[in-house]
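We begin with a single chain expressed as structure tokens, specifically the form predicted on its own.
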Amino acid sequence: MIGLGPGAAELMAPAVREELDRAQDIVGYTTYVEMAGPFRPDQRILDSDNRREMDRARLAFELAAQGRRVVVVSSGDPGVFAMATAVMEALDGASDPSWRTVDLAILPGISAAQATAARIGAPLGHDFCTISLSDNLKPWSQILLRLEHAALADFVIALYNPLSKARPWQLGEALELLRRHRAPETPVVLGRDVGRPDERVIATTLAEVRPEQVDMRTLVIVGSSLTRQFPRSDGGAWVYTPRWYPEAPRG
């Protein structure tokens, strides 16, 4: 189980590249498998649609239990809203005892939040959390509850899966919730396709950001009360969150 990182070959861990080169079978979502190449003619590519995570995980165990060397491909870090969870769930629920004998290794990758943060400065420099706005696997009410608590706790918040064609309204509702707890000038970072040819990273504010600036391939970072931004020489901005925190007033 490997994480490609954000997509650029130079940001892929050497150990990940080694396992891809050694693999007999490459299993994964088609887009990510294509990013993981090139492959040799003798390597078998078993790609599928994005929503077939459990099917891919079970296929990988079936092949590995036969003695084949299999790599399951994930973007970013496989353990952050990605395929490692499906692999663990498949193993946990396995009825075939041979699956338990598979030599399973999970190799990390640079997550979308880390890649976006690095391009713009250090917005994750203090306590932060990551929340997926997708309600495919959890109710929207639970997402709002987590956003509320994260906002009250003054975390920097990295928002994954911010919107899609099927749910274009959710990011707007999430931003309205955050605006009730954060100042209008709070820095917001939008990172789209970081590490890929169409990369775009911009800094804006909570007052100015609009849902139409965002799509499913965008990572949104909303700063805390301490997060700052200042101009950089190329006309953009640096964004960072100091590691210190003001001492709480004593009663």
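Remember, predicted model here, so these are calculated numbers, not experimental data. A residue's number is simply how far along the shown sequence it sits, counting from 1.
Same protein, other form: the form predicted in complex with another copy of the chain, not shown, and the subject of what follows.
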Exactly one listed stretch (64-72, 51-59, 33-41, 183-191) reaches within 4.5 angstroms of another copy of the chain in the predicted bound form by non-hydrogen atoms, and it is 51-59
At 4.5 angstroms, heavy atoms only, are 23, 169 and 219 all close to another copy of the chain in the predicted bound form?
-> no
Contact flag, residue 173 vs another copy of the chain in the predicted bound form, heavy atom cut 4.5 Å | no
Considering only heavy atoms, tell me if residue 132 and another copy of the chain come within 4.5 Å of each other in the predicted bound form.
-> yes
Please check if residue 242 has a heavy atom lying within 4.5 Å of any heavy atom of another copy of the chain in the predicted bound form.
-> yes
Partner proximity in the predicted bound form: residue 146 to another copy of the chain, non-hydrogen atom cutoff 4.5 Å = yes
Does any residue in 58-95 get within 4.5 Å of another copy of the chain in the predicted bound form, counting heavy atoms only, and if so which ones?
-> 77, 79, 80, 81, 84, 85, 86, 88, 89, 91, 92
